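Coming up, as structure tokens: structure 1 and structure 2, two forms of one and the same protein chain.
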Structure 1
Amino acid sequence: MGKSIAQALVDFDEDFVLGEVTNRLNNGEEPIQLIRELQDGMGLIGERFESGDYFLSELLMSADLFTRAMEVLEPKLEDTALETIGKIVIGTPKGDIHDIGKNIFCTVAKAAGFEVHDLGVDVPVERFLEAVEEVKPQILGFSALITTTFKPMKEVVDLLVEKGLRENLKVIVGGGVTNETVKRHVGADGQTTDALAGLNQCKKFVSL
């Protein structure tokens, strides 16, 4: 039996993954099946990361390859809706332009079945509020690498409370500068410096 897409993703074999995705699509296979196989691969990578066999570098490589394979598949989905396990709105708050950790988290969250609305970096307070009102996510995520984000994160959460939008929403802060102190200050429900630990918290938030 030949190599699977999932295993090739685990091995960062980009020629195989991208070639196989393209060939099987051309042979009429449903994109949704190929996406499931890619998701299985990301699941295996997650297991290796959690057991300490894989590091951030491996997560980064596989997340990049997953994203590139999805770029081939998503236009072919047409009206097929992907099954999702919840919606996440995420961004790096105003005053911070870092996005490596956020981008990795977005990819692993998509691969796990979340619908992810990434607002990008340097996101103003108002944009977070608009997105929560528009998307109605179960989870709002802040990604932060510098201390200037503390104030806008807290402002967003305070305004969500004021507008009555906080009650059914879980808030998670992530990034190198965050810890329990930051979580308390912001009024968040979760905190992480690790994309996969953050994903596990998000799964718990939607009761999976």
Structure 2
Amino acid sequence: MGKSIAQALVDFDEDFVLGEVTNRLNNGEEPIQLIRELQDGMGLIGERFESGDYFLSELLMSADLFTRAMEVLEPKLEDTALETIGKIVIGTPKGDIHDIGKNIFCTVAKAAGFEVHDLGVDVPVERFLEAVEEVKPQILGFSALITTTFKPMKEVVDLLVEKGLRENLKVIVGGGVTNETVKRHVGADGQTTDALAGLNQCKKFVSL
């Protein structure tokens, strides 16, 4: 049994990861499958980080390798997006600069046909409101990896209600620190810790 993409990512085997992704794409494999394998690898790295086997340097190295693999995949994903099925505004709230999960979600959402407006990281409450007013999305997404983001997420949703912008807008929270309790606290409609599961929720949000 040869090495998997997930294991190669855990081992920071750059040549294998980038070579395997390129070769399998050239052989006609669906990019979404390769993304799932990369996500599996990031999941394993997250487990090692939480257990203390990996440190921040390993986390950043793997994130960099993951990003470069995604740069190979993204042009192929764009080719598969035939039409826009909805608009998503997404960002990492003020105080949080993590973007790995958000970037994964943005990539798979674009591939599924969503028009994605990524506001980046450390996004102020006011910027989320401006983007909702400008873009008029069907979905607003928050990506969070630290608990201090709960307060600004709730502030955004409360202000959306005050401004009359919440009625036709679905809100989803995502990230390792989120759960059903956080979803209820923020006033969101959906919650996920997995990019593809989050994508499935967004598809349901825009379906009749």
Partner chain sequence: MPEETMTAWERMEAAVKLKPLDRIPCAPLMDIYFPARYKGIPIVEAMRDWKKGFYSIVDIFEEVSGWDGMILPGYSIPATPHVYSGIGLGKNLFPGLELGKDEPVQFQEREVLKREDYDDIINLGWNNFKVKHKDRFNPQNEERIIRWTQRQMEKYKYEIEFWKTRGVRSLCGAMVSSPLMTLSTSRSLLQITKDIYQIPDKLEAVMEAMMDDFISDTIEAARISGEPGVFLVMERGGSFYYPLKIYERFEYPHMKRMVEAFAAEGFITVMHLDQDYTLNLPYFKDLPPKMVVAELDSCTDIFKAKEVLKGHMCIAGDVPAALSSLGTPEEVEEYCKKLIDVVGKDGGFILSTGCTCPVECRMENFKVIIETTRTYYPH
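If you're wondering where the values come from, they're calculated on a predicted model, not measured in any experiment. The term rigid core refers to the maximal set of C-alpha atoms that superpose within 1.5 Å between the two forms. Here, residue number means position along structure 1's sequence, counting from 1.
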Number assigned to the form predicted together with its partner chain in this pair: 1
Core-superposed C-alpha of Ala144 shifting 2 Å or more between structures 1 and 2: no
Val10 C-alpha moves between structures 1 and 2 by 2 Å or more, core aligned: yes
Ile100: Cα shift of 2 Å or greater between structures 1 and 2 (core-aligned): no
Rigid core fit between structures 1 and 2: Cα deviation of Arg48 in angstrom: 23.1
